[in-house]
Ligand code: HEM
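Just one chain follows, in the form predicted alone, and it is written as structure tokens.
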């Protein structure tokens, strides 16, 4: 510990680093765990764990079709703590996808994406995309049946995009099929390019949070705001959350083994062949909608909608207030339940009773399996939004939040249907 000429203690090197990430003092309300749930810090820590475990795995892994699977087997059986390291890497990767999504929706529902925070929302969406890319590229590396056919399914879905789908799929695969070129492409992306891009995005993300004044909080009289030192108040909270997370991951990694099926066999497709779990909603959608709607129109429209969220013309924003208002909270809860149930019921009806492909076959598949089910799904939600607007006076803030909730809840429902209720031939088991 050193002191300057006036006798005040000078910060240590560690403290200086911490003060690059945080201001010296913050609003005491930001320390409340339910304000952020520590999701941003958890995400950053998971990335660090993935980097360290990934570096260790690189010493054993051989990125070729002939040796990839055997190197994983040897890692698990012959390397000291090899199985544990792979388990830790696998669990952390899955958890990072979940935590990234939770962090994104926490930021949105706490109204922390508007005005000076809008740019950071865009960076957050790009980072979420990079987390998915990282998980997807790592999915193939074990070169077992699960990995091979999951990646095959996704690249086949990409091919449904008109005109550009096939060239993009070939670019991803490095050819017409998933083979050694694909494995090498994914290995280089997963271990080199994606981490470097993510570090840059994460640095920008932290800097923009700091620039915006930290955690978004409801506005109050500045004279009533109590400010406390980051060190030790926030620092000890971060250390406690990090310790609990690491302890939990270590315990779980001791007892849970990362899956490894038999070696990949391009001639033996499992039944059913499913995409990685976070893409199952897209695979489910493709079962019911024409490829133009499920692979082009809807993803493009939803992507534009999410990127434009901070820029709609709002009139009653309450930054830092969960759900913006009491009405916004009601609408969010109701719409989440309504969209989940409606999506499940409509999926079941499409599976067993609503055979539009037969009823409207003469009008073409684009109409029968595209426009008709699309309208059947969207018209009730338009009526639902109109009800809230006319009967309860919902403003733009609540309407946009409800649409966002409907989209996310519907996708989660489809993902769970595909994950839990799809058996052989991708038929529903109920």
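Numbering follows the first chain given and starts at 1. This one's a predicted model, so the numbers in the text were calculated from it and none came from an experiment.
Omitted here: the form predicted together with the ligand. The next part is about that form.
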*Only one of 350, 112, 158, 245 comes within 4.5 Å of the ligand in the predicted bound form by heavy atoms, so just point that one out.*
112
*Heavy atom within 4.5 Å of the ligand in the predicted bound form: which of 274, 288, 330, 106 fits that? Just give me the one.*
106
*So, in the predicted bound form, is residue 120 in contact with the ligand at a 4.5 angstroms heavy atom limit?*
yes
*Mark residue 283 yes when one of its heavy atoms lies within 4.5 Å of a heavy atom of the ligand in the predicted bound form, and no otherwise.*
no
*asked:* If we define contact as a non-hydrogen atom of the residue within 4.5 angstroms of the partner, is residue 36 a contact of the ligand in the predicted bound form?
replied: yes
*Answer with yes or no whether residue 151 is in contact with the ligand in the predicted bound form, where contact means some heavy atom within 4.5 Å.*
no
*187 to 195, 225 to 233, 294 to 302, 162 to 170: which one contacts the ligand in the predicted bound form at 4.5 Å, heavy atom to heavy atom?*
187 to 195
*Scan 115 to 145 and note down the residues that get a heavy atom within 4.5 Å of the ligand in the predicted bound form; none is a fine answer too.*
117, 120, 121, 124, 125, 127, 128, 131, 134, 135, 138, 139, 141, 142
